[in-house]
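Provided below as structure tokens are two forms of one protein chain, presented individually as structure 1 and structure 2.
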Structure 1
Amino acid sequence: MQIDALPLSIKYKIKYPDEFIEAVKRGEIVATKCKNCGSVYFPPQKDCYNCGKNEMEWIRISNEGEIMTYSIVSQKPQGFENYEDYIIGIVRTKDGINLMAWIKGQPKVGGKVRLTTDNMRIIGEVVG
């Protein structure tokens, strides 16, 4: 039995704060830190989920990290169909913050990366 189906398309916008977008365009990676309890959030948050306060400050995240895990994406999601296969990884920065990055180079778990941006996304360049 075969069932015909129509392709579904879902579009949504993720609204990141302007400060975050501007930092990425400058090649910087930033997070927010609660002035009250010191909790750090990446992606940035307006309010602290730990203490409930909304007094946050912007901090710059270390551009050095270690690959915790990675995946080679060959079955691409909608909007990325025209990309060559790419690698997405979870990187733990020297600050202890876990973030997702596009990995450039030959990844390995525990490998060192230098974090930068390409004006749109975070890039982890393998350095060792």
Structure 2
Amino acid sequence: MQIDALPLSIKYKIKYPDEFIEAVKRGEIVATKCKNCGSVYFPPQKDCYNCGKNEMEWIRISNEGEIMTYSIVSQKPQGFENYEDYIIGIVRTKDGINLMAWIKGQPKVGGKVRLTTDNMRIIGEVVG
């Protein structure tokens, strides 16, 4: 016989870098660059695994990009049930950084996007 198990509710708090969240609110996307060896990190990180130093500077990422691939999400997971179908894409920026974004507009592989934000996440608006 199956009976209800005790419910388990887990609440988490997670830490994002202030600089990243503030940039997103300005509609900008930023990465970190190691002042010592020049390694660039996206997602940004404060420790450089290449040279072992932790002196990073924030750099702005180009807002011009190309759609490398995408998928349209119909079956939504917990936490996203109330969203319309959304398009998740991988975009390569003009300066060679690959990042995840929601795509607005008609996507195609190789299509150009202008990167912006919706105050929370990165958005790639299709421009051609």
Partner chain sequence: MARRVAVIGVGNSKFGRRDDVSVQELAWESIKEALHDSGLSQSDIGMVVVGSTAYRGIELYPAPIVAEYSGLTGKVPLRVEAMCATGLAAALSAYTAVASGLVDIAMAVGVDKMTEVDTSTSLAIGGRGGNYQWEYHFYGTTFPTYYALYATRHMAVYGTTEEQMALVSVKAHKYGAMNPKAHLQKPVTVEEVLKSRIISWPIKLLDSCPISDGSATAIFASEEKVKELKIDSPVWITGIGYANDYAYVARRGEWVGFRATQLAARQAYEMAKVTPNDIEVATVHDAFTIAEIMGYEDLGFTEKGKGGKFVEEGQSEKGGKVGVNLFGGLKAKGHPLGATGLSMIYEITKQLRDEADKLQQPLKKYIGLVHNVGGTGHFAYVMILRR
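Rigid core (definition): largest C-alpha set, two forms, superposition within 1.5 Å. Structure 1's sequence is the ruler for residue numbers, which start at 1. All of these numbers come straight from a predicted model, not from anything done at the bench.
Q: Go through 1 and 2 and tell me the one that is the form predicted alone.
A: The form predicted alone is the one given as structure 1; the other form is structure 2.
Q: Residue 106: after superposing the rigid core, is there a C-alpha shift of 2 Å or more between the two structures?
A: Residue 106: C-alpha displaced by less than 2 Å between the two structures.
Q: Has the Cα of residue 119 moved 2 Å or more between the two structures, judged after a core fit?
A: Result for residue 119: no, shift under 2 Å.
Q: Would you look up how far the C-alpha of residue 9 moves between the two structures when the rigid core is overlaid, in angstrom?
A: Core-aligned C-alpha shift comes out at 6.5 Å.
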